[in-house]
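Same chain, two versions here, written out as structure tokens and called structure 1 and structure 2.
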Structure 1
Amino acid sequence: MTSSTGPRGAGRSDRVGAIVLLVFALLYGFEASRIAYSFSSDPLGPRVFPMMLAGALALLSVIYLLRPGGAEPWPQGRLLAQSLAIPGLVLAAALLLEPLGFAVAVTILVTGVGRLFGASWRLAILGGLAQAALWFAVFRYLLEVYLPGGAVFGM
């Protein structure tokens, strides 16, 4: 059964998304309001841009909450598992960043995403290693950002 806005239950999905975004905007705005700045900084200070982002996201979330558009139905079965696996891989990579290091965490993340998108184990691992090496070089040598080497490896 479909309605004028899309499949049944689609408006509910939009509203759930709008509420999640609104909560995120409020939390982001609260944290942005806590940014301390010195008197010698520019007249606006460092919290203006994050506060503007939080305000814009909150406004758009409320509009989306009140006027949801059409949406696809929630995925089922294998597609749902794959959709939930990606944030799970990101969370796993974030949790493994300190103990195993940047390179290993990114390799695991990219290898897992590659497998989810149908790559063979060989290609997924090669892609993971290549991406880890590329981003390690970009962050460490071009941007000069510290990256954890991994507590397991004594770094």
Structure 2
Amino acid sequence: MTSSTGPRGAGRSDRVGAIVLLVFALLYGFEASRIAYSFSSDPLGPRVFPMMLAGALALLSVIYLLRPGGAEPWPQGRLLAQSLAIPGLVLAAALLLEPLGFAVAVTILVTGVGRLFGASWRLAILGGLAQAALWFAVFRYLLEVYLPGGAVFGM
């Protein structure tokens, strides 16, 4: 999905989106029709409601396809990379959470996202350390929510 800016491009991503939704509706409906069950105490069973939903989504996606509009232009180049870096950094923090501990993971996350939002390296790192300390204190001592200590603060 890399359609360009401008009304025509936006219309294109609407149409691509509508087709993706339509395909999803069909796949979902197909899966629904193959749900395995031996007995159900009601006349409809577990298949019919999902199949109704598949039908509704298919119908709505066709309407959407015929009347596109309203999509925003996609971010390009650097901005796109930065947008995707946010879930990337969250993923990194999640994966580091158990091995390295909460404090390290949060420092990395806050520093990285801080850079994306325009902080200088110095401020971003300071922010990372400060937020790691703050959130650790809030969760561990004030709210008593369990957080992994990991290699650095592990007991």
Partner chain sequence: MDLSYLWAGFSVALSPLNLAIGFTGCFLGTLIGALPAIGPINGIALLLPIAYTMGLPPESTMILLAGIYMGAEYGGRISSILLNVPGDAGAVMTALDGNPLARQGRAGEALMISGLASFVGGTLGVVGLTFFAPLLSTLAIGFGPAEYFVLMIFAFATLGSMVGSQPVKTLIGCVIGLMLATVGLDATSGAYRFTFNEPELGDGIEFVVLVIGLFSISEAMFMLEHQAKGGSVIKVAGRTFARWADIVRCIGPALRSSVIGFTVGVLPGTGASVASAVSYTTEKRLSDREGTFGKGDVRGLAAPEAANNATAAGAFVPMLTLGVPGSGTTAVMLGALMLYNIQPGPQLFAERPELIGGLIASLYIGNILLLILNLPLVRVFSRVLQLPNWVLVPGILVLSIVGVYSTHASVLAVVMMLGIGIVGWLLRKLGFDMAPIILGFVLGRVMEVNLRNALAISGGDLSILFQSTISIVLWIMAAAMAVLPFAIGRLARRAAAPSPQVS
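Between two forms, the rigid core is the largest collection of C-alphas that superpose within 1.5 Å. Everything numeric here is computed off the predicted structure, so don't read it as measured data. Start at 1 and count along the sequence of structure 1; that gives the residue numbers used here.
One chain, two forms displayed separately, with the form predicted together with its partner chain being the second of them, structure 2. Core-superposed comparison between structures 1 and 2: CA of Phe24 displaced by 2 Å or more.
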